[in-house]
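Only one chain comes next, encoded as structure tokens, the form predicted alone.
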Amino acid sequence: MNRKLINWGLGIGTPLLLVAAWWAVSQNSTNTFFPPLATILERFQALWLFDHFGSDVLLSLRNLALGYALATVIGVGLGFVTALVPVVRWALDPLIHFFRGIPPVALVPIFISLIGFGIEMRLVSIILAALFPTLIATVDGIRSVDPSLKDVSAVYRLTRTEKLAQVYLPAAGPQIAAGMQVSLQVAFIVMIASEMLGASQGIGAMTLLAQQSFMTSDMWAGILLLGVIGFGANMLFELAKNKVLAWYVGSRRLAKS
């Protein structure tokens, strides 16, 4: 049997088996804190597909998408400058490694104190938390470009723009993509944390409110939604990465075969 089909089968079958096991174990549950999966799915449909979809789900997704997009643009742009301009690298290197050591969630209380509880606080928290993985990956990717590629670009007298677009970006692309994927995960975590700590709207805020109000089924429904969004976002990123870096993915597969 084709190995790819086996992998797809495992990828789809394992979650289905876990859901089936969850359904069977919780079916007759009378535990307040562990309701039946059927009840959780009913509340999931009522809350997240109807009542709170426009007011909370779309708000969280918008903040995540906007914050992550800005963090990516700033991280890649600043990474190129830091890697290619020695003065900038010497000036920013200590700051980059200082801030990368701070847990991203720890930044949220600081921004609440400085900015308040509005959407601006959530966006700034997401941007700064998601910035550093992409920035560091870009710097490392650019600095590890094969020197022979630089020599070839000099021989062909490529302009600076042509070097960036045709030499540095493709060569560093896989490493930049890896940093962007980590940034996406960090952005998702900080989105939830910022809503739980300093917001009255959003998936994280509604899930925390359900927990504090002892609405256990609603809490589980919120956790389930967060898992679905996190999984879906990662899958979409993988599909986009495989499309954009098809040459790299193909070469890796050939090397493994």
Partner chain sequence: MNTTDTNPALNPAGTTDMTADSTSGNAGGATAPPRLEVTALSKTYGSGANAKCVIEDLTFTVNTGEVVCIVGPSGVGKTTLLKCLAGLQPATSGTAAIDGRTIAGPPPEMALVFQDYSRSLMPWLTVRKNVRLPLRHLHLPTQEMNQRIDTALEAVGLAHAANQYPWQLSGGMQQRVAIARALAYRPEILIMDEPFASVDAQTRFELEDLCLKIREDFGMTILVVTHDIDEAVYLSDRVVVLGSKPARVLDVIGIDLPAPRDQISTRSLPEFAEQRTTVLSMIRKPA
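Numbering follows the first chain given and starts at 1. Treat the numbers as computed from the prediction; the structure is a model and nothing was measured.
Absent from the display: the form predicted in complex with the partner chain. The rest refers to it.
- In the model of the complex, the partner chain lies within 4.5 Å of some heavy atom of residue 158.
- With a 4.5 Å cutoff on heavy atoms, residue 91 does not count as touching the partner chain in the model of the complex; it lies far away.
- At the 4.5 Å threshold, heavy atoms of residue 147 reach the partner chain in the model of the complex.
- Within 4.5 Å of some heavy atom of the partner chain in the model of the complex lies at least one heavy atom of residue 166.
- In plain terms, the part of the chain that comes close to the partner chain in the model of the complex, with a heavy atom within 4.5 Å, is 158 to 166 out of 158 to 166, 132 to 140, 93 to 101, 182 to 190.
- Proximity to the partner chain in the model of the complex, defined as a heavy atom within 4.5 Å, holds among 73, 110, 171, 178 only for 171.
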